[in-house]
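Given next, in structure tokens, is a single chain: the form predicted on its own.
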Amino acid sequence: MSKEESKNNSVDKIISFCKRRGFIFQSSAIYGGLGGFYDAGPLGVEMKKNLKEFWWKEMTQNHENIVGLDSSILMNPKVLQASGHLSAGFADTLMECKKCHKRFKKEELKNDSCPECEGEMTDPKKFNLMMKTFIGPLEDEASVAYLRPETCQGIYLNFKNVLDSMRVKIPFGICQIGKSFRNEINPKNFIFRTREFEQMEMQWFCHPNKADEFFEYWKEERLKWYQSFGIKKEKLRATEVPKTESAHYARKQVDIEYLFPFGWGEIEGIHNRGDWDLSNHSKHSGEDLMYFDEKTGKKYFPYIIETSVGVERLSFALLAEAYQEIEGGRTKTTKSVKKTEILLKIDKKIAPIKIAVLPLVKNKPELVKKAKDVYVALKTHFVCRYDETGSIGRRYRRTDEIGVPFVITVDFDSLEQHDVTLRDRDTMNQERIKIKDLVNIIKERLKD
């Protein structure tokens, strides 16, 4: 198998796994799907929720002077005119195959022929990435609006509101999680490049003289954050983007990249946006968005250091990092039996389901009742799953496959001793724990 075939095979396995186990589904699949759009399944939505909560806590609780915001998806079109999104600066160069009519970004082509059928390509032309819609009953120029291409513009528009209401002082940050939309020419690599995606962004406002210092600070902080929940250091890199390829607003740009099965890909961008955003919105709106420094008595436009994470891209990276195929299984079997077991060794903080509760067998009513009582007691504290179908070994394997950190087995001793077996996913160690102590013990172990 070639290296390229191996990469595609790895991605295909993750795609199949995500559908089979309820992490990610193709949007509108029963109607043939819609390119560049995906739905989070029952486990995927829990995983994304955990990931976003973990990021939010990191920004608003583990760092000083960062507050939150939730701005609207639709904004006055003048906002996007001022930000440069309606100009040629926010566009891709499109080329179309005259034979198969597939479209590609110019930079994706190694030569002048189609990578799919080797057909002749059209001349390159600019293609704006904005998604257009209309507000109100008439679809005319007066009612044109756009789905936001990034969440940050809403933060800049509310810069003065946050200053006035929260009485923060520079340096400070505003963070936001929300949906963004880009009319990508060629969505690809599963959920890596999509047309609807979610961003976790933080905008750090600082004095221009401190911008370089804060840029390096946030770059290092973000790299440390990824390693704090299991992404290996050797699978991360910070790549400085040349000025010729960087965003139009960026004085400096570094991409934090992860080594996906298909190769290196960006999961977060760190940008020094200078005073581009506040000065342009001040100019176009007529609103004074300068910051008044009470100590010096001077006004200036703050520089902005931006950290912008793609939720879907990071979710893909975490699934790729955690997905393991174990030849022969995790327990001893007879030599004649060949099997491959899947283990999703995802960080406990991100795991969609924290605990599975299993009765040893399902044909003993007293065991089932005891197991369900334990499940009911725990599910007010944790996201839990109850499972009584199949052999106990098969049920263990199912929990491993979806990344459940802890499995509780209720057996016959539980009826008399009021304790259960607690199994750790990563070590496979099993220990007896009193039922009354379960909540506190599991809460403590989920902090590790």
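A residue's number is simply how far along the shown sequence it sits, counting from 1. In this text, all values refer to a predicted model and were calculated from it rather than measured experimentally.
Omitted here: the form predicted together with a small molecule. The next part is about that form.
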{"query": "Whether Phe192, Phe197 and Val309 all lie within 4.5 angstroms of the small molecule in the model of the complex by heavy atom", "finding": "yes"}
{"query": "Contacting member of Gln176, Gln253, Gln153, Ser282, with respect to the small molecule in the model of the complex [4.5 Å, heavy atom]", "finding": "Gln253"}
{"query": "Contact residue in the model of the complex, from Glu96, Glu321, Glu184, Glu341 (heavy atom within 4.5 Å of the small molecule)", "finding": "Glu184"}
{"query": "Close approach of Arg148 to the small molecule in the model of the complex, 4.5 Å, heavy atom", "finding": "no"}
{"query": "Residue contact check: Glu268 to the small molecule in the model of the complex, 4.5 Å heavy atom", "finding": "yes"}
{"query": "Partner contact for Lys354 in the model of the complex: the small molecule, 4.5 angstroms, heavy atom", "finding": "no"}
{"query": "Non-hydrogen atom contact Lys345 with the small molecule in the model of the complex at 4.5 angstroms", "finding": "no"}
{"query": "Partner-proximal stretch of 268-276, 321-329, 355-363, 203-211 relative to the small molecule in the model of the complex, 4.5 angstroms, heavy atom", "finding": "268-276"}
